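There is one chain below, alone, in structure tokens, taken in the form predicted on its own.
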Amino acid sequence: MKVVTGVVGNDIHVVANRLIELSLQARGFEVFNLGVNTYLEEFVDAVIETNADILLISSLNGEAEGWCREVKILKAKYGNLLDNVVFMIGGNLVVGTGSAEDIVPRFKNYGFDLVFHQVDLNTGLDELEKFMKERDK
């Protein structure tokens, strides 16, 4: 399975981004890591160019809140090219503190299928694999 990943917006958490890439590769995913300071449209373009199954955006310190509100708009713009792509986001998704009960629905409303706020990497990737197995039955 192919995954496009990277860090959205002005966020520059390089180490965590590299750990995500290594963890995905260890689980057998083919990874296209766009690195840090990546615009949302760059992610979507890379998904289409690589024919990826999953877009996994990482964020720290709330950068995602401002950058990811347009996921639904981009999905509509690209039409059926993104119909089978799983949109996943994880990290610390808001500035300051907040509860997952408030944050997860907000990001799902932005257009993400899987949202992991302050969830450790392995738990998030376990949930991704479960989601993909259920989806592909």
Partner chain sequence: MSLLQEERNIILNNEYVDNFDFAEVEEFVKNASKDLFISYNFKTKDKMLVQPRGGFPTYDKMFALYEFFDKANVDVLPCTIDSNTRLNDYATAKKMLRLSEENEVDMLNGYPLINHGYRTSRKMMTHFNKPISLRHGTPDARLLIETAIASGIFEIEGGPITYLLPYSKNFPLDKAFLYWKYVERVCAEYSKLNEPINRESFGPLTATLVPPCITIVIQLLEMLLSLEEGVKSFSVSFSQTGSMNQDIVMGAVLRKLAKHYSEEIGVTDADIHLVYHQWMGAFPMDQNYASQLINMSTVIAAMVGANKIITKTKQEASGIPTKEANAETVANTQYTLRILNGLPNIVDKEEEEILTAEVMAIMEAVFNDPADTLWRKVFNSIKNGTIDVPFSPHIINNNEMITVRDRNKNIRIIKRGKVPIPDRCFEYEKNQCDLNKDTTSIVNDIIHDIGIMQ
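As the structure is a prediction and not an experimental result, all values here were calculated from the model. Positions refer to the first chain, counted from 1.
Another form, the form predicted in complex with its partner chain, is not on view; read the next lines as being about it.
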| property | result |
| --- | --- |
| Selected contact from Leu74, Ala100, Leu60, Leu34, since only one has a non-hydrogen atom within 4.5 angstroms of its partner chain in the predicted complex | Leu34 |
| Ser23 within 4.5 Å of its partner chain in the predicted complex, heavy atoms | yes |
| Partner contact for Asn10 in the predicted complex: its partner chain, 4.5 angstroms, heavy atom | no |
| Thr38: touches its partner chain in the predicted complex, heavy atom cutoff 4.5 angstroms | yes |
| Partner contact for Leu19 in the predicted complex: its partner chain, 4.5 angstroms, heavy atom | yes |
| Partner-facing stretch of 104-112, 86-94, 50-58, 23-31, counted where any non-hydrogen atom is within 4.5 angstroms of its partner chain in the predicted complex | 23-31 |
| Partner contacts in the predicted complex for 107-136 (non-hydrogen atom within 4.5 angstroms of its partner chain) | Leu121, Asn122 |
